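Just the one chain here, laid out as structure tokens, in the form predicted on its own.
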Amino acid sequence: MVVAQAGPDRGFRELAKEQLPRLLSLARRLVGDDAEDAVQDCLLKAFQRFDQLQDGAAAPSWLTSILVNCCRDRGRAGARRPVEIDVESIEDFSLYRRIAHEDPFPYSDSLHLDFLAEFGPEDVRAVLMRLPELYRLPLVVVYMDGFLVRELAEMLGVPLGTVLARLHRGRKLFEKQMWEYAEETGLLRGVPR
């Protein structure tokens, strides 16, 4: 971790250069095509507050927290109205039961692995972008960027149980959206549309 003592401008430049690929990757999963703008907003805000960063080891978490807020701001600005989710339909859905019932890959011993093998990185990102930000954000930050649930709760300023509930519902909704995306894009073999 580089937070140089050679001056704040140089230290920030080195930190930004080091963290930029991770921030862009995270932002692409959170806001899709607006990722570069979100990262630019994040770096501008981080530069303005760089003197507040006391511990260089905390820099990734600090930058992630700023980026998450920038992405949330973009989501709020772009949302015309909140997406309504039928929580009961999410809870009842099971991707594994659906795969076994529909049997999209006849004669296979590993149905769920065959199903998952059909998805590439772009498909996963497309499915993520279908999720409301409320559920997409915890999935990306915790499962894809490796932060702890506790760290995300601190970033968002919400109780730990709230993040855990959003993760649970987010996983279920992601599974459901994967199935629907696979049906729509023809990733399933042998399942009538």
Partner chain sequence: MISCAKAVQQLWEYLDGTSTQADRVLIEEHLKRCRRCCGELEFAHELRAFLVDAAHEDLPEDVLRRLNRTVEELDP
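From a predicted model like this one, the values you see are computed outputs, not experimental measurements. Residue numbers count along the first chain shown, from 1.
This next part talks about the form predicted together with its partner chain, which is not shown.
In the predicted bound form, its partner chain stays beyond 4.5 Å of every heavy atom belonging to T162. With a 4.5 Å cutoff on heavy atoms, R125 counts as touching its partner chain in the predicted bound form. Among heavy atoms of I90, none comes within 4.5 Å of its partner chain in the predicted bound form. Taking non-hydrogen atoms only, I99 approaches its partner chain to within 4.5 angstroms in the predicted bound form. Residues within 4.5 angstroms of its partner chain in the predicted bound form, judged by any non-hydrogen atom, belong to 32-40 and to none of the other stretches in 151-159, 65-73, 32-40, 129-137. Taking its partner chain as it sits in the predicted bound form, the stretch 41-68 comes within 4.5 angstroms of it through a non-hydrogen atom at L43, L44, F47.
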